[in-house]
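First comes one chain, alone, set out as structure tokens in the form predicted on its own.
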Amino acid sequence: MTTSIAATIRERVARIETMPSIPAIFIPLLELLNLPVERVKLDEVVKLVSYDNTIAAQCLRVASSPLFGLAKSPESIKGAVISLGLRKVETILLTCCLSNAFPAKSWALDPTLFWRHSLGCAMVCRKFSDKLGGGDGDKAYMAGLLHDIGLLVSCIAFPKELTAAFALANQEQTPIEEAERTTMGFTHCETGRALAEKWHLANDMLQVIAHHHAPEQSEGAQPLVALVHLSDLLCRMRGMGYGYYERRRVDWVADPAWAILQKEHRNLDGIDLVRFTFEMDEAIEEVFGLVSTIFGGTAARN
């Protein structure tokens, strides 16, 4: 990426008018998500949910949906937090915050597909982290949820260019990052990095956003970036991509990300990849239900 392109990206990200409208609870929410669950106080989460009336109402609506199978719909924010659990509430909050910050009318892709992929990747990241042992499942979850945030930035800062990139990706059945580089000269990794820097996100999240398609190039947090990279591939293989078929062969073990994880987790070779892949199907169905509940409607696989 040339210096002039980098400057253009930074300039357009700085000009995006919707950025200042991001709910005030977003940054405190990220800070809570970085904490181990045992250190998160229930009252702090309730306070965050209650701060924004729109988000509070949406949280209650989602908590009342049949998806969560509660015997009785919660009548208060505290009841919703207790019934759903901290991490589910935080996921709903984070998704609602980002949805409010990036209006769907500006998107060059179906927002339902975007959130389905992001939530799916988040869930796979956590399960993959748990399989490896010794990892931080909550951090892996947040990394998976935020990894493609650059696509949201490009939807607003480069809408025509991104629309052309998706058209090419669909026509050629290639990964979106390859089509972006062909049509735009840069990818959502670069626009995502610009936003992560603007928001002063933690370096490990910045590295994931900037390098999840090439973890070997990350300047830190390589195992986390590698885990997100492989989880992203798995989601796309299992029908949770961006609405089109990618004509490609995926070999996890031959991927550079696998070698990165091997250095950190010696038990990696003991994971049954076929079994793990099929275990994701249950998680995928949960993601479909959650996205449908939050945003309405349904989204077909790829």
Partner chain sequence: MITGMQIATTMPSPSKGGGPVDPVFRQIRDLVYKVCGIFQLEEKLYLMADACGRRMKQLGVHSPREYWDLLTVHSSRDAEIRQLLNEVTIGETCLFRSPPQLDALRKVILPELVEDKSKQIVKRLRIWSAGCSTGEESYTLAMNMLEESDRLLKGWTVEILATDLNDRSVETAKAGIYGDYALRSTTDYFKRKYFSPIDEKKLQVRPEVKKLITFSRLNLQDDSRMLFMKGMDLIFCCNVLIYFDGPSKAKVIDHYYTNLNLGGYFFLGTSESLFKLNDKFHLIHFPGTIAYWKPSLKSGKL
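Residue numbers count along the first chain shown, from 1. None of these values were measured; they are calculated from a predicted model.
The following text describes the form predicted together with the partner chain, which does not appear among the structures shown.
message: Just to be sure I understand the contacts: of 237, 32, 260, 46, which is the one whose heavy atoms reach within 4.5 angstroms of the partner chain in the predicted bound form?
response: For this set of options, the contacting one is 237.
message: Given that the partner chain is not shown alongside this chain, does residue 52 nevertheless sit within 4.5 Å of it in the predicted bound form, heavy atom to heavy atom?
response: Taking the distances in the predicted bound form, the answer for residue 52 is no, it never comes within 4.5 Å of the partner chain.
field: 4.5 Å heavy atom contact, residue 250 and the partner chain in the predicted bound form
entry: Result yes; residue 250 sits at the interface with the partner chain in the predicted bound form.
- prompt: So in the predicted bound form, does any heavy atom of residue 285 sit within 4.5 Å of the partner chain?
  reply: The answer is yes: residue 285 has a heavy atom within 4.5 Å of the partner chain.
- prompt: Though only this chain appears here, would residue 173 touch the partner chain in the predicted bound form if you measure heavy atom gaps against 4.5 Å?
  reply: Close contact exists here: in the predicted bound form, residue 173 approaches the partner chain to within 4.5 Å, heavy atoms only.
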